[in-house]
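Starting off, we have a lone chain in the form predicted on its own, written out as C-alpha cells.
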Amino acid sequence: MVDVRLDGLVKNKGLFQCLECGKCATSCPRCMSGKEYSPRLLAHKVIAEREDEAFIENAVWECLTCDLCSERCPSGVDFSGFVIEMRTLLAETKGLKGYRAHDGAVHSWMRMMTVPELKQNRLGWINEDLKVSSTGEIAYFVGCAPYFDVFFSGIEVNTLAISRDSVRILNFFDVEPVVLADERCCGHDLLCTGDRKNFEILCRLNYEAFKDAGVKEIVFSCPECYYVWKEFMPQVCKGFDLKVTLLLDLIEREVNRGGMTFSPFSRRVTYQDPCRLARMVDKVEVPRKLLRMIPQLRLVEMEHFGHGAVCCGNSAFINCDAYSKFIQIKRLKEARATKAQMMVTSCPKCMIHLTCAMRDKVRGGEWNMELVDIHTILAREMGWFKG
C-alpha cells in the first residue's frame, strides 16, 4: 500500500478526527443488515494497523458510499469521500476492483463509451411529441437510461419514462433542450469503483461534446449525474464553465414565479430520498415542496427520511448481495408501514434496485407497491392557471 498517498487521504478526509464513538456503525445500512463491517473500524485500521492489508482491502469495497455515516459523524469525517479515493488508490497500485454486480457488465459498457469514435443508437426513445434540438444553449443530460431499460428488461423497469417526462417538463417551460446522440455515461460508477482514468475520459468527452453543441447550461433529473457534474467535472475539465442545474430546482423556480398550477392527484404517497440528492448535495426539501403543491396528494414519511433516509441497498453496482436485499426489503417494509398507495422516487437506480427486490420470486410479492418517479407525476399534473 502506498503510504504517502494514503497518509494524504487520511489527513484530507479527516480520519484523524474520528472519536471512535460508533455512530457511523449504528447508522450504516450494511452493518445494520448483519454484515461484519464498520466504518469506525476501517478508519482505525488505516490509521493504526495498516499492516492488516487484507482487512482494509476487503472493507473498502463493502461501503455503499451512501454517506449516512458522514451525516451522523460528530467530527465531520468525510468517510464516503475517503472510500472512493481509497478505491482509486487500490485500483491503481494493486489492480483491485472489488466485487462488481452482473459480472461487471454495467462498468464494461461505460468503459466502451470512452472510445472517442464510438457511434451510439441512443435516441430511439424520443417520441414525436417531444421537442429536442442538436444544438442550443440549454441541454438535458439523459444518462444511462437507454441502456438500463434494455439491460434490466427482465424486471420491467422503465427509467426512460423519467427522461421523456423530463423533456416534457422542459417543453412545458418553452425549452427545447439539446439531447446529444453521442452523450456518454457520466462515469459515476467507474469513479466509485476506482477507475479514475476512464472516469476522467468520459468527463472530458462529455464536456467537449456539449461545448461543441453550443450548450451553456445542462439540466439533470438523475441525482448521480448531477452530483458528478456539480462536484467532479470542475476538477477534471480545465476551464469548466457550464451551468449545472437540477431539474427539480428549475421547476421550483418556475413555480415561485407564479402562473403554474397542478391538477388534483388523490393519492397517499411516500418519498424515497436518493443518497446523492439528499445527503451529498443537500436537496431534501425541494421534492417535498413540489409534491405538497399537488392538490389532494398526501405525503407521508417513512421512519427514516430526509438526511437520515436509508439507501436502496446498492451503489455503483458493486454491492448486490443478500445484505443489499435485506436493506431493500427493510426499506419496502418502511414504505408499506406508511400505508402509502405509492412510493415516489427521484433516482433511476432507486427504481431499479427496489423494483428488483419486489420481483423476488420468494418474498418480493409481499412488498409490491406502485413505484413512480417524481418527474412523471409532475409532468402529468402540471399546468397553467386559466384566468
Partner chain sequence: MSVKILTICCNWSPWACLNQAQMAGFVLPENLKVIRVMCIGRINQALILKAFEFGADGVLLLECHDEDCRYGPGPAVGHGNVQRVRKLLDLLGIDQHRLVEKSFGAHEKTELAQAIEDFADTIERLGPITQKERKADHYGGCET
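This one's a predicted model, so the numbers in the text were calculated from it and none came from an experiment. Numbering follows the first chain given and starts at 1.
Separately, the form predicted together with the partner chain exists; it is not shown, and the next lines address it.
Contact with the partner chain in the predicted complex, defined as a heavy atom within 4.5 Å, is made by none of Ala48, Asn58 and Arg87.
The partner chain is not drawn, but in the predicted complex it has no heavy atom within 4.5 Å of Gly81.
Among heavy atoms of Gly306, none comes within 4.5 Å of the partner chain in the predicted complex. Taking the partner from elsewhere, Asp282 is found to have every heavy atom lying beyond 4.5 Å of the partner chain in the predicted complex. Among heavy atoms of Phe151, some come within 4.5 Å of the partner chain in the predicted complex.
Across the options 294-302, 248-256, 196-204, 213-221, residues that bring heavy atoms within 4.5 Å of the partner chain in the predicted complex belong to 196-204. Residue in contact with the partner chain in the predicted complex (any heavy atom within 4.5 Å), chosen from Val286, Ile126, Leu96, Met260: Leu96.
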